[in-house]
Ligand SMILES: C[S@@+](CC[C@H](N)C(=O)[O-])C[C@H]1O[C@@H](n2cnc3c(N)ncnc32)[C@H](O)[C@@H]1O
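One chain comes next, on its own, written out as structure tokens in the form predicted alone.
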Amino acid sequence: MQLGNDGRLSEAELIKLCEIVNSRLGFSYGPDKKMLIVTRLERRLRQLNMSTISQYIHRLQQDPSEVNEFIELLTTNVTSFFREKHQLEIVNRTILPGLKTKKRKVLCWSAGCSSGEEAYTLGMMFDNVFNGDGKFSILAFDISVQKLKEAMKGVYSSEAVKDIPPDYLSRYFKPLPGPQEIYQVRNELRRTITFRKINLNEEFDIPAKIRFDIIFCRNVLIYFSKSSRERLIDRFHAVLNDGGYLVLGTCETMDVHRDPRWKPLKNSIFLKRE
């Protein structure tokens, strides 16, 4: 694949590709993402039998479905079961027992759920603390159709499930027959989770009667521009119950001095003030 006339991705081409991503997703991609974009595009250009980025940009401008493909290429995020364990231990030990006392079903939102590992992790935690009484539901949203298909299938390799506690693995997963060691989430857990496609940078429909008790949006905001990040935080605040929790990635934070609506707890967990 030839990237520009001199064998590199030109500055103008890089700017154009970043504009497409940023306008669609609210990201703040810039020159620092050059290698990511080049690496992700190499295979796609070979599939399309194209030799230059300029050809591909023309395709993006003419074919909206290719824009979706491009977005899929750039939004494949790293995820795993029980990721950021110290943070989850705080949720498990201090937040879920309080939510268990509510007289209604508790609602959780996993925003940017990717291939489902986070949503199923939360499902296992909720079910264990709630003693299997079914008084919770998890809505798991992502922009990637491919990742959502994987999540709904709920099939994972032995490597993918290695960080799941053994008792959880036996309780919530079943081994599938075949030459490879693979596991599928049991139906009882899958029924507690609803997967849906949503672009967090666009207006999306959350029914007025739905209010969440806890929202997980981990390692997503780091890609957003400042304005898009603030707009999404406002949206989270609007759909979160008073006294509800917003859980960000441990490398993410909020300026609570400028936004006193939130009380910071430990490990990038924030309480919506009543």
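Residue positions are given as counts along the sequence shown, with the first one as 1. Computed from a prediction, not measured in an experiment: that's the story for all the values here.
Keep in mind that the form predicted in complex with this ligand is missing from the display, and what follows is about it.
*Asks:* Answer for Gly123 alone: is it within 4.5 Å of this ligand in the predicted bound form, judged on heavy atom distances?
*Replies:* No - in the predicted bound form, heavy atoms of Gly123 and this ligand never come within 4.5 Å of each other.
*Asks:* I'd like to check something about Val185: if you look in the predicted bound form, is any of its heavy atoms closer than or equal to 4.5 Å to a heavy atom of this ligand?
*Replies:* Contact check for Val185: no, nothing within 4.5 Å of this ligand in the predicted bound form.
*Asks:* In the predicted bound form, is there a heavy atom of this ligand that lies within 4.5 Å of any heavy atom of Leu9, even though the partner is absent here?
*Replies:* The answer is no: Leu9 has no heavy atom within 4.5 Å of this ligand.
*Asks:* Would you please decide whether Thr79 lies within 4.5 angstroms of this ligand in the predicted bound form, comparing each non-hydrogen atom pair?
*Replies:* Thr79: contacts this ligand in the predicted bound form.
*Asks:* Want to guess which of 31-39, 52-60, 219-227, 234-242 is within 4.5 Å of this ligand in the predicted bound form, heavy atoms only?
*Replies:* Within 4.5 Å of the partner lies stretch 219-227.
*Asks:* Heavy atom within 4.5 Å of this ligand in the predicted bound form: which of Ile143, Ile164, Ile95, Leu189?
*Replies:* After the contact test, the surviving option is Ile143.
*Asks:* Going by heavy atom distances of 4.5 angstroms or less, which of Leu169, Val106, Leu88, Leu200 would be at the interface with this ligand in the predicted bound form?
*Replies:* By the 4.5 Å criterion, the partner-contacting residue is Leu200.
*Asks:* Can you name the residues of 151-190 that have a non-hydrogen atom within 4.5 angstroms of this ligand in the predicted bound form?
*Replies:* Nothing in this stretch is in contact.
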